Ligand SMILES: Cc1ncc(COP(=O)(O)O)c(C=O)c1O
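One chain comes next, on its own, written as structure tokens: the form predicted on its own.
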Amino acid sequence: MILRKQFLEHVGQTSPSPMLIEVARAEGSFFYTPEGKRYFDLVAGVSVSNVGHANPEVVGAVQQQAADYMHIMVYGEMVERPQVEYARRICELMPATLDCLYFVNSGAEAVEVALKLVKRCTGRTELISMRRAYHGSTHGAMSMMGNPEGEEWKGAFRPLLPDTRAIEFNSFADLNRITERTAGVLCEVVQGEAGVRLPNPEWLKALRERCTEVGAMLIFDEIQTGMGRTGEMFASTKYGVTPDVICLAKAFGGGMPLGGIVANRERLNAFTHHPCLGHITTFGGHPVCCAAGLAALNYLTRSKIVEQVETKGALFERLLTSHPKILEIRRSGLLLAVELGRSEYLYKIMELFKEAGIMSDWFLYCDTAFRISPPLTISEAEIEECCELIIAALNRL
């Protein structure tokens, strides 16, 4: 109780009602309180802990790199092995046109860098996002939040970036609003905070074609969907569309704070002149964070965890879909929105989940569905046990 009181007094808060669960340790698909209560983690730090909590390979890489060296110099000046090796490995997994990685600290900063890059490369100013999009809380990223109730989120912080507009995700008609004025279009491949809204694959292809036609650059926000979450290492691969820029963060750091954008090297070189240091960051690509991310990527590829994601997601769906309180399950891999249809159900189920030892969450633009996005390492036996607890909680609604 003392620690929770100090948390409320001395740690800056994001809402008037934090979860207030004290964490003592975490391992695999679970975390534990000081009293020993176990929680199934169905949030994974919002798709961060893809390789499971306290993954021994990631922990070992962090410990070794911290012992070798931590911060030496601002990003871009020194040759640091974890950074170079991680960038090379990521680019090897990308289409040939995406051959260079610019490291930053977070998803929001990755979006900021991407927006600067498309304006710099095209000489244009208009930026287009999707309705019900979430890209971060910094000024530029917030400007690209295309939620219908925009003023609820953005009104208190205006003025934000000028010359921004939002179009409807999956709307073919709205693609005509992308014109020769447009510098870039920012799009989640799967809309996360809208409640897991999947793309029409033909629309994604048409979006790519429209951007190419008018000379606009296409940015894919893979901050939630990257690093295996949807059943492919990157969702853009799953849907067969190559953007000009991919934003990465969350699971990209293997549990450590790390972000980046992947683009063509010639385009990224725009930051080196007119002006020099067009984007700089002190801690971007921190060697310990890169060591963690590289270890996580190596674990994912060697253990073939990503190849199991679709089967595990389908198991969640099969075990839950017939419950009468569940109206719909929207899913891409192990990113699921379980639709209850009523916000009062959602708020009650969150409390029932806490009692049962389940950590879930809702979505920023969808307060009628709960989130299932566990570590990708969750076992089928754990999924079955977790679904039994979910069903028991649903039966109490």
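Since this is a predicted model, take the numbers as computed values, not measurements. Numbers follow the displayed sequence, beginning with 1.
One more form of this protein should be noted, the form predicted together with the named molecule, which is absent from this view; the next part is about it.
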All of 41, 337 and 360 with a heavy atom within 4.5 Å of the named molecule in the model of the complex: no
Region of this chain that lies against the named molecule in the model of the complex, out of 105-113, 230-238, 92-100, 299-307 [heavy atom, 4.5 Å]: 105-113
Contact assignment for the named molecule in the model of the complex, among 83, 182, 143, 224, heavy atom within 4.5 Å: 224
Sole residue of 312, 250, 286, 132 within 4.5 Å of the named molecule in the model of the complex, by heavy atom: 250
Proximity of residue 244 to the named molecule in the model of the complex, heavy atoms at 4.5 Å: no
Residue 136, heavy atom within 4.5 angstroms of the named molecule in the model of the complex: yes
Residue 356, heavy atom within 4.5 angstroms of the named molecule in the model of the complex: no
Exercise: residue 46 in contact with the named molecule in the model of the complex, heavy atom 4.5 Å: yes
